[in-house]
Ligand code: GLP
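What follows is one chain in structure tokens, specifically the form predicted alone.
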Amino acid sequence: MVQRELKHVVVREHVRSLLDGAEPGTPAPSERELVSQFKVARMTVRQALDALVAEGLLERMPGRGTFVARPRRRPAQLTSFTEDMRRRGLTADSRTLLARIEKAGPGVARALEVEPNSPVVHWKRLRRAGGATMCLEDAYLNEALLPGFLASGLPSSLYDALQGRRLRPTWAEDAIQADVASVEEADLLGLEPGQPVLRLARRALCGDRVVQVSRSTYRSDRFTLHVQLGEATA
């Protein structure tokens, strides 16, 4: 008998494997069948099925039962700077200004969900697209998830490198703010101090693991931020 806290997981994965590749509308095993098969409480079975409904694999039809769901409309994929520029018909490149292991300060530690003073990768780059300076990006990565990241040579695309480690961000929390360039930012971006810029702070996660936090400062005269509202068609 499996441990009590894992029973619903066993039931959930059994149903998942049973219905893998099944056509939408295929009936799922009934709660009564699963209770009898696994000798567990109905609440345990319901918890397993609820998880698959929330995930989008199953859907409940009142008075009829639970069935394999039709594909959901999916949100647009989270893209990197390189991918974003490619979609705009531009070739991206970067100049690294700083790349080193540091101790996480309180703010970075809180954002990355690590202990203060934990080792983090600090990577600061000047991003260009189509030969024009576009933004200044200051990123911090959880070093515990990326051992040897700096030793293997810096990648041209961070998200491609993360995908190679199965850590590509699947979702993010972004904060966007209109501001003016500081003296340092203006010098790097080719602006006059006090000219308008667009700031984007991102906290990127792969599942429930925070992989990257970053602050990017864009030239507002060269960059338009496109935000999708609603959902993209599957």
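Residue indices: 1-based, along the sequence shown. Small disclaimer: the values here were computed from a predicted structure and weren't measured.
Absent from the display: the form predicted in complex with this ligand. The rest refers to it.
Colleague: Under a 4.5 angstroms heavy atom criterion, identify the one residue in Thr96, Ser152, Gln77, Ser156 near this ligand in the predicted complex.
Modeller: Comparing distances to this ligand in the predicted complex, the residue within 4.5 Å is Ser156.
Colleague: Go through Val35, Leu200, Val68, Cys206 and name the one with a heavy atom inside 4.5 Å of this ligand in the predicted complex.
Modeller: Of Val35, Leu200, Val68, Cys206, the residue with a heavy atom within 4.5 Å of this ligand in the predicted complex is Leu200.
Colleague: In the predicted complex, which of the stretches 112-120, 142-150, 125-133, 98-106 has residues with heavy atoms within 4.5 Å of this ligand?
Modeller: That would be stretch 125-133.
Colleague: Which residues from 185-220 come close to this ligand in the predicted complex, meaning a heavy atom within 4.5 Å?
Modeller: Contacts from 185-220: Leu200, Arg202, Gln212, Ser214, Ser216, Tyr218.
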